[in-house]
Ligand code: FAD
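Read the single chain below, which is given as structure tokens and is the form predicted on its own.
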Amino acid sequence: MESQKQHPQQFSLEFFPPKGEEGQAKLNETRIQLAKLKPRYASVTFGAGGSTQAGTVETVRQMLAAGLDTAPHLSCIGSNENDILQLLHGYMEMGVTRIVALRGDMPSGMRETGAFQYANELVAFIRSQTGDHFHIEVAAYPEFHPQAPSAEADLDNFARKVDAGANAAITQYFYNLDAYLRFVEECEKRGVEIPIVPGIMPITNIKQLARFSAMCGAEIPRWLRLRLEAYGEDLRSLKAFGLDVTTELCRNLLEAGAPGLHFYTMNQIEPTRIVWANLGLQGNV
């Protein structure tokens, strides 16, 4: 963790493009309330294969207009070079200076990956076309990508993204502190010293968390799953316990030298705000 301790701690938030007027109104209120925490930036996701990229662009536009430094997620799966270049030029004109560059998931029914097969190719393309204009974030998987043939191969893939020009990384969420610490240690052995910021998923709903984890390969430790399931329909107690666990994980990460935290807000106000307050964070002022 020595290389991580040299980076200043920064705190950021992730949102997803809303659907419909109700979703838009909810996101607007969430953005207004969480902006008061003074995050360093906000990121905006997309659907599988870039299927909601238009929604991503519009949400980024709105957040920039509201004064939030905003980073769109950019997927290379199913895209060609011209599509990516048009998006990059559009974002540059909007004033975007930060990109989250990802491989993305293959949508159901799609067989061709497009011009890019891996995220390192996308990072290299962004660098070749825009130079150092963008601060590029990439994904990291402390518990390893579910499609990686081995832990070693996954670390090699991550190193390739860094070699291609990534500035920093955001991890998949996790609840095992040692997984993150060991991942960073292995990266340091490879000479990878960019900030690797833990992605944080506040725990509020065991059914939703189990569904997400099954899709992305994140592990819910057995002790945690059993404790959460024991609350049954007592959702208030489950949420209180879950946010306490999340807070403890965040505190341990920061004490270990993690270069910040990236909160997966799920367009919700309270979970992130509660953990933020529990940690006594002052934002990025």
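All residue numbers refer to positions in the sequence shown, first residue = 1. Because the structure is predicted, anything quoted here is derived from the model rather than measured.
The same protein also exists as the form predicted together with the ligand; that form is not shown, yet it is the one meant from here on.
Only one of the listed residues (S213, T204, S79, Q172) places a non-hydrogen atom within 4.5 angstroms of the ligand in the model of the complex, and that residue is Q172. Checking Q86, S128, Q208, Q147 against the ligand in the model of the complex, a heavy atom within 4.5 Å turns up for just one residue: Q147. In the model of the complex, the ligand sits beyond 4.5 Å of every heavy atom of F183. Contact between E143 and the ligand in the model of the complex is not found at the 4.5 Å heavy atom cutoff. For the chain shown alone, N176 is not a contact residue for the ligand in the model of the complex, no non-hydrogen atom being within 4.5 angstroms.
For Y264, a non-hydrogen atom is located within 4.5 Å of the ligand in the model of the complex, even though that partner is not displayed.
The stretch in contact with the ligand in the model of the complex, judged by heavy atoms within 4.5 Å, is 159 to 167, chosen from 87 to 95, 186 to 194, 159 to 167, 128 to 136. Within 4.5 angstroms of the ligand in the model of the complex, the stretch 73 to 93 places a non-hydrogen atom from each of H73, S75, taken in sequence order.
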